[in-house]
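We begin with a single chain expressed as structure tokens, specifically the form predicted alone.
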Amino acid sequence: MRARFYRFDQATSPYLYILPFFVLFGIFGLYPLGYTAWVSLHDWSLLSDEHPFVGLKNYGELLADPYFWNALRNTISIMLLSTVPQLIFAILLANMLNRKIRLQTLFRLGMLLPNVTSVVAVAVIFSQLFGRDFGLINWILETLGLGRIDWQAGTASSHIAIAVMIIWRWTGYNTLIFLAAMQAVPKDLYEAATLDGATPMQQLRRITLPMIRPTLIFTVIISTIYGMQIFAEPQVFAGSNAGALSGGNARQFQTLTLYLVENGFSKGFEFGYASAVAWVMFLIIIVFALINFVLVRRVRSAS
């Protein structure tokens, strides 16, 4: 009897340990996903008691809306401008912190400070820095004789300003993830490379990056997913203007999440249409995550 109970415990315990996660994921992850898909197939407005079934009509209207494609272009542009530099800076910082330097613990703790700061506070501060008339960035540009830039008015300039906010906030977080992975790389590899005359940069390219490949793939995918859901930075960057949800007067920095919220809560509470936007965003994120996964694996395998 005791042996049978032992075998039963061995067989079921692992599943019981992970069961709470899947229960919570089903309640807060899968159910909202399925319910949103159901709502997207209806003409669902909070201002109406009836929600007739319309099939794929919301998706057809969405794909024919030029504002949706504009929001998608803006999102991809801001994501690329923020994600690529952010990961490069994070790898370089992690490589530096992985070496013996003074005040090492202090610098490592400091990496977390931008991430624990409120995103609204970050966006407000950077919005002041990129202000047209009294911003610090424009003051420096004017001092250098380059002239002032209306960062909000232009498409490229607004994307750069928002990307800088994201880079500042998430570089430290990714640095600590890379640093944790680098700590697991055997030290004798670096000692052997040093004896062979390899420079620090060669050791980073030939030893560190191939050894932390799984972490690299993880951070690229997570950063891409976050980049596709940017909301607070562009909204606060627009300030208290009437076009906060439209991403500027000409929708020059409206992202997909701003477009979703605008249609769900600002244009007649059209939840059916907003749900269609959410599902298209979900599919786009899956496609980008798969592309990233395949590309990073191929690049790392080739190296």
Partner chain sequence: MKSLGKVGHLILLGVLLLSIFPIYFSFVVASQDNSALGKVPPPVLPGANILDNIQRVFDTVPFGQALINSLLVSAAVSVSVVLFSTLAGFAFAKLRFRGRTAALVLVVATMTVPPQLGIIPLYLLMIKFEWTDSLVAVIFPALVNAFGVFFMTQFLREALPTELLEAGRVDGCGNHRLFWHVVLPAARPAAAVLGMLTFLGTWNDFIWPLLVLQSPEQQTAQVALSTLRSGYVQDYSLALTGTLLATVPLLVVFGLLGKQLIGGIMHGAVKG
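Here, rigid core means the biggest group of C-alpha atoms that superpose within 1.5 Å across both forms. Since this is a predicted model, take the numbers as computed values, not measurements. Residue numbers count along the first chain shown, from 1.
Note that the form predicted together with its partner chain isn't included here; everything after this is about it.
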Exercise: residue 99 in contact with its partner chain in the predicted complex, heavy atom 4.5 Å: yes
State yes or no: in the predicted complex, is some non-hydrogen atom of residue 169 no more than 4.5 angstroms from a non-hydrogen atom of its partner chain? yes
If you check in the predicted complex, is residue 268 within 4.5 Å of its partner chain, heavy atoms only? no
Indicate whether its partner chain has at least one heavy atom within 4.5 Å of a heavy atom of residue 62 in the predicted complex. no
Contact test, all of 141, 210 and 217, partner its partner chain in the predicted complex, heavy atom 4.5 Å: no
Among 88, 125, 146, 201, just one has a heavy atom within 4.5 Å of its partner chain in the predicted complex, namely 125
Just one of 193, 72, 225, 81 has a heavy atom within 4.5 Å of its partner chain in the predicted complex. Which one? 225
Which of the residues spanning 264-286 lie within 4.5 Å of its partner chain in the predicted complex, based on heavy atoms? 265, 271, 274, 275, 278, 281, 282, 285
State yes or no: after fitting on the rigid core, is the Cα displacement of residue 37 between this form and the one not shown at least 2 Å? no
Quick check on residue 11: with the core superposed, does its CA move 2 angstroms or more between this form and the one not shown? yes
